[in-house]
Structure formats: C-alpha cells, structure tokens
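Shown here is one chain on its own, the form predicted alone, set out as structure tokens.
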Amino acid sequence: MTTYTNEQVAHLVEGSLDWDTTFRMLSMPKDNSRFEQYLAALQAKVSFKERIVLPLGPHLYIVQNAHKQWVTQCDCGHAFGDYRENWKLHAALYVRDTEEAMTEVYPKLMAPDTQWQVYREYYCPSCGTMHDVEAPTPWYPVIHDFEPDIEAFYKDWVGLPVPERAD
C-alpha cells in the first residue's frame, strides 16, 4: 500500500496534483491515514473554525459546530441546519421552468419540455455557490439525496473515533 504526504493530498483536493500521481492515488488501495489527511486538507482550505466531520460536495460539509451539533455548512460558513434534515429546504432556489430559462443552458430546440422536466438549482443564500442541480418533473418534491450514517462510516470504514455530537 502506497502512502502519500499531506502536501500531495492537499494538491489532490485543489486539483493541482499531476495526473500520474492522481491516477495511482485514486486507483490503489487507500492507506489508513488518507481520510484524516483529506479532512486536514479540506479544513485548511476553509475559513470557518468548525470541525469538518464529512464532506458532502466540493463546497458543502457536515461540520461539528461550537455546541457539538452536526450541521450542514457551506464553504463560506453558512449553516443550513441539522445534517439529518434536507439542506435544500434552506437553500436559495432557482427553477428553470420556462423555455427562455432552459435556453440559457441548452441550444434552441435541444432543451427538455418544461411541462415534463424542470431544473432546480440550489445555491448558498450567503455566498451564491451552486451546490446541486435536480432535473425532476415539475410536480416532484424536493429530493433528499441521502442521510449518511456517520457513526458507521467512522467506526467500520475508516476506523476512527466518531466525532462528539450533542443530541
């Protein structure tokens, strides 16, 4: 099993690692400290002081706040609420539900029929970062992507102590 430096993992997170090393790093079995290195690289990249528990996307995390609660939070520090709730219900939302709005994304006559499909774009209300896009039928409810089992992930997958949490 190959081990990598904190600097290499940080370059991977930033997208500046050379392709050969990136390919080896992603395709080979992970060393035991990789997740901790990954969290450290993410933590160094953000300006907030809350501890990152689990990344959800490029700019979205589950963090442990000052009250030991786990919340979903953006890069900018905006908290969307408890990690078990659907963070999208607290996001700024733009729905592409007209032909005009769809032609901003697709060439004319290539867009989906908005009677059958719309785009829902979810943004951070504080900084404007787009966190997700859904393409459901217009009447479909907001999709809750998943609720991670953080305890099992830490104990069974990465073999680390579960971060403290107040309930």
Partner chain sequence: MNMMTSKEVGFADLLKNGQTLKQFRDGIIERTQASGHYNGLEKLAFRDSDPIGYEKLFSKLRGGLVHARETAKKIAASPIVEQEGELCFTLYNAVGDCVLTSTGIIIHVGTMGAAIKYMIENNWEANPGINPGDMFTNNDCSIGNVHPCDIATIVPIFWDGRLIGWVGGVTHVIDTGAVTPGSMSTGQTQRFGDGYMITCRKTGVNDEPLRDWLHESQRSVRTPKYWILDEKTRIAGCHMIRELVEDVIRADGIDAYEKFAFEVIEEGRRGLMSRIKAMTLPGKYRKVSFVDVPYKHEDVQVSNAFAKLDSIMHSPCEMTIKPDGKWRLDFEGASRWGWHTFNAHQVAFTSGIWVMMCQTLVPTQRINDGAYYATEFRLPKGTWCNPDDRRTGHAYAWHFLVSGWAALWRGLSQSYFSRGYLEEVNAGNANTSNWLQGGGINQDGEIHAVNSFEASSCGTGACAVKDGLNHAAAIWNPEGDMGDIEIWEMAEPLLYLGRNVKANSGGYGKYRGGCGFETLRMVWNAQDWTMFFMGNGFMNSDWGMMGGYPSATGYRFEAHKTGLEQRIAIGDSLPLGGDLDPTRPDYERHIDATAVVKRDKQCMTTEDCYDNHDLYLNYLRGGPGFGDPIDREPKAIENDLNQKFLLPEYAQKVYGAVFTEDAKGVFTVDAAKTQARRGEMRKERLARALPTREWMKEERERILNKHAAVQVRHMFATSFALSEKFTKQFKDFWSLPDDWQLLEEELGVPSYGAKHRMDLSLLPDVTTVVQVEE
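As the structure is a computational prediction, the values presented were derived from the model and not from experiment. Numbering follows the first chain given and starts at 1.
The next section is about a form of this same protein that is not shown, the form predicted together with its partner chain.
Proximity of residue 115 to its partner chain in the predicted bound form: non-hydrogen atoms within 4.5 Å are present. By the criterion of a heavy atom within 4.5 Å, residue 20 is excluded from the residues contacting its partner chain in the predicted bound form. Its partner chain in the predicted bound form is not approached by residue 50, whose heavy atoms all lie more than 4.5 angstroms from it. By the criterion of a heavy atom within 4.5 Å, residue 127 is counted among the residues contacting its partner chain in the predicted bound form.
Contacts of stretch 54-89 with its partner chain in the predicted bound form, defined by any heavy atom lying within 4.5 Å, are made by 54, 55, 56, 57, 58, 59, 88, 89, listed in sequence order.
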